[in-house]
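In the block that follows, a single chain appears as structure tokens, in the form predicted alone.
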Amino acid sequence: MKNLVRIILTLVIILTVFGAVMVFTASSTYSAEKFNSIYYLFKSHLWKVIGALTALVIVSMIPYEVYKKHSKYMLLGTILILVLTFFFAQKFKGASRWIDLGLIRFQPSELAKLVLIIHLAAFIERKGELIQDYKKGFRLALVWIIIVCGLIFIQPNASTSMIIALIAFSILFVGGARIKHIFFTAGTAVVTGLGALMLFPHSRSRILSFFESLNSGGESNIQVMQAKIGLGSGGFFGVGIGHSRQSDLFLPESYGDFIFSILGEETGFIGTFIVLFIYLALFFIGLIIAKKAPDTFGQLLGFGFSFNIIINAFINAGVVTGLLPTTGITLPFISFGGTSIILFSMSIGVLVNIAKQTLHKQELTLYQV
């Protein structure tokens, strides 16, 4: 377990440091144009990285069992914050998703994702085999999922809502829920969600342009087109750190959701392969930690947090390469942003604590024997 903790921390530090370098190269031209300093956005990101690593250390020292006792109250509080978002959040591109806290713009939907994972893990452990019963177990879990996903969907933030639903149903599957219940509700949710997406102008245009691009062989929007040009320009070894052309205002907001393109342009196929491999490594290490956890709550918590990291990473890569419709999903530990990197780091902190608690209990058992 100690070796797993060392490996997972090393991988996260590598991604975070590399991400900071990528944010600097991707944002320097934009920072110079808008803020008269090539370091403006980089310094902002650096403070968030420091906060994220601090949060990781603090959370790693908190026994993960604590979350189980307060999961319902945590979720109710998060639901309240999601409701308040409609009244106090800043509107950006027609969506109310962010609350300005001064030093950082906080996105409640990202917090809701983690808190729902915690509550579902606690709920499934408490219900035991009743999770296989639709009325006594599964339906009750479904209510929480619908409330959280529904509030996020109407912000509107359809992509995050759908990812949360995917993670939630995955946890239910791993937790022992019946496949027929999962497929029926998930299928209904997909059909309903796609229909509802067409009600929002921005999501409707994204979906229609994406399918039109599949039909015509073109690109769904300018960001995807420029992102693919950047990836293609990188070749096998890349053009070198700091030599990206797309970051010179050709690719809009290249330091954010589309930073994977700058990564590919500057480090090539080799760089993107290594980064994606690191995400896979984090996921499998997380699964090992989850499997060895002494209780169901720890096992489901470890799985949920690990799955959240890898699904975000590969959806982001899918969007940048044009395989998926454009979303606002960040690349974990690498994209510019505050809420994302802090909460992903806290997830790693929880995984580290699960590993530490598991090791402690194993040592205690051996001592008693």
Partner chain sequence: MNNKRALAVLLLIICFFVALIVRLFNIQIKEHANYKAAAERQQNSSVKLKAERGLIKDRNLEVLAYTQNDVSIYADTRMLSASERGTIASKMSKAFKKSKDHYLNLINSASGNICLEEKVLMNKIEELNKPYIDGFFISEDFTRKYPYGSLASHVLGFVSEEKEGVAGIANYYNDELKGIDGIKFIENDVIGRTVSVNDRLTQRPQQGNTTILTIDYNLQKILEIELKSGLKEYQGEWAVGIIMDPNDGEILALANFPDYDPSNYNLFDNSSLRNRAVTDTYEPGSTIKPIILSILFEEKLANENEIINTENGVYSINKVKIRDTHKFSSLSVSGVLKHSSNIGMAKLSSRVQPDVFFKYLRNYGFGNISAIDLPGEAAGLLKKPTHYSVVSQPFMSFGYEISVTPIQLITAFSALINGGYLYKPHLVKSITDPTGNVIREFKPERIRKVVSEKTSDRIKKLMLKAVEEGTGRNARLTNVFAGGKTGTSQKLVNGSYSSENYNSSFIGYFPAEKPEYIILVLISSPKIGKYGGYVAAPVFKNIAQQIVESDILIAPDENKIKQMRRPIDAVLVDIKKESANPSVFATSNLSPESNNNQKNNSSFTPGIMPNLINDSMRDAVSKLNNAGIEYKIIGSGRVVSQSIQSGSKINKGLVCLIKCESVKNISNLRIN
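Positions refer to the first chain, counted from 1. Remember, predicted model here, so these are calculated numbers, not experimental data.
Another form exists, predicted together with its partner chain; not displayed. Remarks below refer to it.
Proximity of F307 to its partner chain in the predicted complex: non-hydrogen atoms within 4.5 Å are present. When its partner chain is considered in the predicted complex, V57 lies well away from it, no heavy atom lying within 4.5 Å. Put simply, A141 is far from its partner chain in the predicted complex: not one heavy atom of it is within 4.5 Å. At least one heavy atom of R245 is located within 4.5 Å of its partner chain in the predicted complex. From the list 63 to 71, 49 to 57, 337 to 345, 312 to 320, the contact stretch for its partner chain in the predicted complex under a 4.5 Å heavy atom rule is 312 to 320.
Residue-level contacts in the predicted complex: of L231, I145, I81, L114, one residue has a heavy atom within 4.5 Å of its partner chain, and it is L231.
Candidate site formed by A26, Y39 and F42: none of these residues places a non-hydrogen atom within 4.5 angstroms of its partner chain in the predicted complex. Shown here without its partner chain, the chain has S233, G234, G235, F236, R245, Q246, D248, L249, F250, F260, G264, E265, G268, F269, T272 in 233 to 272 lying with a heavy atom within 4.5 Å of that partner in the predicted complex.
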